[in-house]
Each structure stands twice: as C-alpha cells, then as structure tokens.
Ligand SMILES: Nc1nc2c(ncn2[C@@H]2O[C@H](COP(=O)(O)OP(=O)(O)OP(=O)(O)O)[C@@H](O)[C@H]2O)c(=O)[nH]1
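Take a look at this one chain, the form predicted on its own, written out in structure tokens.
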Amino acid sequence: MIIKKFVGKTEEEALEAARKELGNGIVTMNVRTVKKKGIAGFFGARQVEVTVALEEDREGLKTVKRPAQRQEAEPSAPGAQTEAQAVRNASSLMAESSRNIEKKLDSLQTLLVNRLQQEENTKSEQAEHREEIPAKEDAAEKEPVKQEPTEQEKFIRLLYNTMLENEVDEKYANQIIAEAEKPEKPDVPIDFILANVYQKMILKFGKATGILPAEKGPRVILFMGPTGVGKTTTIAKIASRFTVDEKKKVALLTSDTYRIAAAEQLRTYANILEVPFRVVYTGEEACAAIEELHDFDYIFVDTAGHSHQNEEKLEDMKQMLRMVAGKAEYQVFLVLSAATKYRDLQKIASSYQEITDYQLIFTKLDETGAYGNLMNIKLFTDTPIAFVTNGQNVPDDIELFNPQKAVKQLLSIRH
C-alpha cells in the first residue's frame, strides 16, 4: 500500500495532483489546512494537504511508475537507481506512511498494545496459579498444546473487540476484519495492519454528495425523521450556513403543524436570518409556495415528525414528495439521533426507504460515547451520511460528516 501527501490551493487541486501521479484508485485518508513554511507562511494563503492511499501489489513491491528512460542506466552512473535502491525507497515510504497513520490515530497503537500486555500479564498470573495446584495422580492424559496466536493475530482480535465496544454491530465488525488484508508474514508491522483496517473502514463510510445546487430554479430540501431528533434545529443550522457564509437566497417552509410551537420555533429562526417563512398544510400548498419562491436558491422544508409505524403519515409524506417532484429538483435527508438503539434505527430507516431515497444526518453525537450506529446504519441502508451535529448551538454545532474522524472514534478505547 502506498500512502502519500499532496498539497494544493483547494482539496480538489491536491486530489487532482494525486490522481495524476497515482491514478484514479486512490482513497482519501486525511484532509487538513496547512501554511507554507517560513516567513512566507505568515502572509501567504493557506493550502490544503490531502493524504491518500493506493493499494499495490506487495509481492512485487511495485511503486509509482517512473518516466520511461532511454536505456537502462549503468548502476554506477550518476542519478541511476538500482533495484536494491528502489526496494529500500519503497520500504522507507511504507515505514514513513505507517508513522503518519500512527500519529493520526493519536497513539492508538500504544493504547492497544498496552491492553495486549495487560491480557498477557493476566494469562501469566493464571498460569502460575494453575502450576501451584498439585496434579492429581489419576489426571487424564494431557490435551495437545494449542498453537499460540501471533502478535499480529492478537492485534487484529483487539481491533475487532474495540469496534464491538464502540457498538459496531458484530456482523459488520466481522465483515471489516474479513475484508482487511491479512498479513502474509508473522513479522508484518502492527502499523501496517492498523493502516489497512483504517483504510477499509473509511471506504465503508464512503462520501456523501451533500446539498447540491439546482440546475434551474430552487432546490427543495426536505428533512424527514421521527419526533424529537432535532430536525428543526438542524434545518436552522444548515440554513444559517447557506445564508450567512455562502450568501445564498434561502426560504423556510414547515408542514409540522402537529407539534406544539414547532412552527413558531422555525419562524423565530427565519426572522433572525431575515428569510421568508411559510406554513403549509398540504402538498398543494407546498407546491404553491415553491412557485412563489421560484427565484430562490434553496427551500428547506421541515416535515412533521411522527412514528415510523404510522402508515397514514408515511403515505402523506409520499404524496407530498410526488407533488414536489413535479415542481422542482429536490433532495431528502433522514434525520436520526445517534443515541437511538440500533434495532429502532433499523426500523425507522427501513420505513422511510419505502418512501424515497435519502441521505443521512446524525444528531446528538454529544449524547453518546459510541459512534457504532453511524457505521451500522450506513452499511444497513447503503446510504451515505451527509452531516452530523453535536449540540444545540446554532449554527456552530454541525459539520459535514468526516469519515476519518468517525473511524478514529470507532478504533479508540472507551473509558
């Protein structure tokens, strides 16, 4: 596996440089903003540094293709690179990449190895205790000695147990471990195993499209979900970002006329942002409002929260979506609480999938110590996660979903 860093004015520019050098099979492992070194860094624009990974044929230790040369250079010629040097360079690159992974996970390896050591100490104490017990004269014939697992196997088992502790469903934890590349030699560095599992988990999360602009007219964004997950507050956070930061023309609609003060809450946010606000009771009224707001960039719709078992309300939602589809381009986001039990999340997600396709928004990450449900529902629905929220502050406590950050949490020891 090749892991390299590329720098550009934007993330896309850095990724383009990575694709030119490594091809289209790269996986983004980390993105961060950096300054140029030296005095120029104080005055120059910030740059974006991306770390990407590319799987390679380990058997041949293939590296990035080099430009074709006229003839094979003599080993002693200046600038010529021998095969031994190429192997050393590849090994050096992998070692450096492994160190980078270790740093990104905030010394995760150290924590895991310490736990391994604790387990070994416990086993040793138990073995000593057994030796102190006199053996019975009529003891049965000794069982064959089982082969002790390698350090690499112990480390993989520890990663697996750590995922379970962070409430990743056993089915998906097994899947991740099974798909991660198995070490072919017993002396493979633990860093390599960690980087491999880390990469596979990032690939599992994938990347959401987020909120896209419409090709013509406004784009209608509908937010669905059960009662009490924070849909209204989430809408206010996203609307604030688009209005204040991106200077887009935004309007707010609500069809949530069942919950006490729900409309007034969104009206208050609309007044603060100085954007239009409408209450709609039917699909026809929603379509009329969309026509009236035809020159806006985005129209955010707060739908009524209800039980996923309420078939009548689900049918009403389906009818509204059909009507909106005839008037404007639209996207749907299912808002879920990360603190909800996985079994309940499965039922909610399944019921809404019968209505329409959607992207996911997870709220209340600040109310749970485990991120396992994010991975569980992503794999259960095969639907990308677009945003996560971690508090009630508007507009600060929301961010685009970051797979690297989520994987880091899933591989961290819970205290």
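Each residue number is its position in the shown sequence, starting from 1. As the structure is a prediction and not an experimental result, all values here were calculated from the model.
Heads up, the form predicted together with the named molecule isn't pictured, but that's what we're talking about next.
Query raised in the report: Quick one: is N373 in contact with the named molecule in the predicted bound form, heavy atoms, 4.5 Å cut-off?
Result: N373: no, not in contact with the named molecule in the predicted bound form.
Requested in this report: Look up in the predicted bound form whether Q346 has a non-hydrogen atom within 4.5 angstroms of the named molecule, and give yes or no.
Outcome: Contact with the named molecule, no.
Query raised in the report: Looking in the predicted bound form, any heavy atom of G391 within 4.5 Å of the named molecule?
Result: Contact check for G391: yes, within 4.5 Å of the named molecule in the predicted bound form.
**Report entry** Contact label in the predicted bound form: S255 to the named molecule, heavy atom within 4.5 Å
**Finding:** Output for S255 is no: heavy atoms all beyond 4.5 Å of the named molecule.
Requested in this report: Considering the named molecule in the predicted bound form, find the one stretch among 46 to 54, 23 to 31, 383 to 391, 346 to 354 with heavy atoms no farther than 4.5 Å from it.
Outcome: Only one stretch qualifies here: 383 to 391.
Report task. Name the residue from T340, Q152, N166, Q265 that puts a heavy atom within 4.5 Å of the named molecule in the predicted bound form. Result -> Residue within 4.5 Å of the partner: Q265.
Query raised in the report: Heavy atom within 4.5 Å of the named molecule in the predicted bound form: which of N174, T227, N161, N271?
Result: If I apply the 4.5 Å criterion carefully, the residue I get is T227.
Report task. Go through 361 to 376 residue by residue and record those having a heavy atom within 4.5 Å of the named molecule in the predicted bound form; state none if no residue qualifies. Result -> Heavy-atom contacts within 4.5 Å come from T363, K364, D366, E367.
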